[in-house]
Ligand code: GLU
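Given next, in C-alpha cells, is a single chain: the form predicted alone.
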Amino acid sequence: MEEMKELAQLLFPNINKTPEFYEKLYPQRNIKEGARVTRFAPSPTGFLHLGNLFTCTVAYKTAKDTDGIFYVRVEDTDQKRRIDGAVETMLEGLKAYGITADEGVMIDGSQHGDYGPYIQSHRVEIYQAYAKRLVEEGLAYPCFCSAEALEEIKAGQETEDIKGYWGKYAKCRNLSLNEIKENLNSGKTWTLRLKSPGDTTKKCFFQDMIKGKIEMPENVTDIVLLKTDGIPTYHFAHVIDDHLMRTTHVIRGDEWISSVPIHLQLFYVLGFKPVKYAHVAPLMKEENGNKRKLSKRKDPELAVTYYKQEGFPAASVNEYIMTIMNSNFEDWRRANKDADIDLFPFSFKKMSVSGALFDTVKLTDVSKNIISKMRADEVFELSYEWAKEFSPRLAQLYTDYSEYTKKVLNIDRHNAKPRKDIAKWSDIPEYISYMYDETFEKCYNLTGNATAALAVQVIQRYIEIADTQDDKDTWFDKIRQICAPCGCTANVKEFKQNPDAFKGHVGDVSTIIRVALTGRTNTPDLHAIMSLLGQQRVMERLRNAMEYYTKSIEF
C-alpha cells in the first residue's frame, strides 16, 4: 500500500485535494424525496438534432414532474472536434421548445449553480484527485504501451471472444514500482488505466427505466481513465460528474447500453451510488414498408433547424414529441382537450422499447390542430417572427397591413369546428395570398357543374346586387336569389333528384363567385372574405372574371 501511495504521488505530484474535499464541497442536494436530477450533457461538436431534443424532453419532463432539477453540463474533453458556438446554438434550440436549465451552462456562456464548474475541461483537477485515490488503492496504474504496441495486442486477439486491454494482454498491469520509475525517468508518456476487478464468468445486472432488467457480461478490460495529457476519458469523467453533481437519472441514447458494465464498475470502484439509467431507443422512420433509424444524411427532418425553417410552432413539435414519447398521451389529450401539456403525467414505462416511429404526416396533423386553436393575434405574432427570417415578402405584407392581416387570419378561427388549413407558418403565404392585390393570382378554373357560360350569367347578375356590407344571411339569400334566373336551383337535393332540369345548384353558383374573387374553389368563409376585401376590390375582381369567361365563350 505504501508503494501505491508513492506511485500516486509520482504520477500526481500537484494534486493536493482529496476526494473527501470534493464530497464536502458538493453535498447532497436539498430537494424533496423522490425528486429527480437530470442533465443535458452536450459535447461542442455538432448541431441539435431531433434525437437530442427528444431525449432532452424526457430528461426535462421527468425532472419537472418530480420537482427536481435539470442542468446543463458541457462534455468537452475532446478538444480536437470542438466547434465554437455549438453549445450556445444547441441551448438556443432547446429554449425555442421551452427547455431551459435550472443550473449549469447558460446560453450566454455563463454558469449558474453550486455544483460547477459545469464544463469538463475546467474540472481536470477533480478527476485527477479521484484518479490519484484509485492509484493509492491499487485500482489504477500507468500504462506505457505505444500505439504500435496496442495495435499488436489488437492483432493478436483476432480469435479471442473478448477484445481489448485485459488479462495477459494487459502488458503494464503488473509492472513493479521500479519499472514504472524507470519508464517515467526515461520520459515515456503514459495513460492511466483502471485495474478492472471484472470476472469473465460473472454477469452485470441493472434495471433500465425504459427497457427493464438487462443482463450483460462484467467488464474485464482495463479501460483508460486518463489520456496522456491528463484529460479524462468520457467514461471516467461522466461518472465522477454525475456523482458530484448528484445526478439521479441519466437519460441517453441506447447506443450507450454496451458501456453500462464499464460505468457501473467505475461507480463501484469509486465508492459511488450508481445513477439510474434510462436508455432511449432511436427515432425510426418507415420507408418502403421497413423501419430504419432517422439519418443525418438522408433525413432533413432530423435537424431541429428544419422545423424552424418550415415554420412548425414549438407547441406543435412539443405536442407531437409527447405523442411519440408516451403511448398513452393521445388518450390523455382526448380526455383533456385544452389542458396544458405540462400537466400530462409522463412515465418511462410508456416509452417505446424498440424506437418510436417519427411521421411528418402525423406531425402535420397535430400541428394543424394546434394552430386551429390559436388566437389570430398569436398566429400573427408567431408567423410574423418566422416571416422576418424566412419570408421577406410575407413580412412586408404583415408590416404594411398588420390589422387587416389579423382579421384575415381570424376568418373561421372561432367556429365550433375551426378550419385546419395551416400546419406551419410556411403555409401562410399561399394560404392568404388572394387577400392582397400584391400576391393575388388570377385563376378561373371551374369545377362541378359550373361552366364559363354559366359563370357569365351568375357574375352578371351578382354584380348588380353584391354588397360587402351585407350580413351573412342577407349575403346568402342574394346568392340563392340569382340561382333560378341562371337556370340553377337553390336546393341541392332537388338538383340530385332531377339533374337534367337544371344547369347547376347553389353550390355551383357559390363556386363561380368564389373562384372569381379568390382564384380557388376551396377557401374559408366566403362572406367573411368578401367583407374584408371590400366593395371596390370585390367588384373589380368580379368584372375581371366576367371579362375572362366572356372571352373564353367567344373563342
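Source: prediction; values computed, not measured. When you see a residue number, it is the position in the sequence shown, counting from 1.
What comes next is about the form predicted together with glutamic acid, which is not displayed.
A.B. asks: For Phe380, is any heavy atom within 4.5 Å of glutamic acid in the predicted bound form, or not?
C.D. replies: No, Phe380 stays farther than 4.5 Å from glutamic acid in the predicted bound form.
A.B. asks: Any chance Tyr234 has a heavy atom within 4.5 Å of glutamic acid in the predicted bound form?
C.D. replies: Answer yes; at least one heavy atom of Tyr234 falls within 4.5 Å of glutamic acid in the predicted bound form.
A.B. asks: Can any non-hydrogen atom of Pro42 be found within 4.5 angstroms of glutamic acid in the predicted bound form?
C.D. replies: The answer is yes: Pro42 has a heavy atom within 4.5 Å of glutamic acid.
A.B. asks: Contact between Asp470 and glutamic acid in the predicted bound form at 4.5 Å, heavy atoms?
C.D. replies: Because no heavy atom of Asp470 falls inside 4.5 Å of glutamic acid in the predicted bound form, the answer is no.
A.B. asks: All three of Glu88, Leu94 and Tyr306 touching glutamic acid in the predicted bound form at 4.5 Å, heavy atom to heavy atom?
C.D. replies: The answer is no; none of Glu88, Leu94 and Tyr306 reaches glutamic acid.
A.B. asks: Could you work out which of Asp208, Asp254, Glu75, Glu137 is the residue within 4.5 angstroms of glutamic acid in the predicted bound form, going by heavy atoms?
C.D. replies: That would be Glu75.
A.B. asks: Counting only non-hydrogen atoms, which stretch in 284 to 292, 422 to 430, 174 to 182, 246 to 254 is within 4.5 Å of glutamic acid in the predicted bound form?
C.D. replies: Partner-contacting stretch among the options: 246 to 254.
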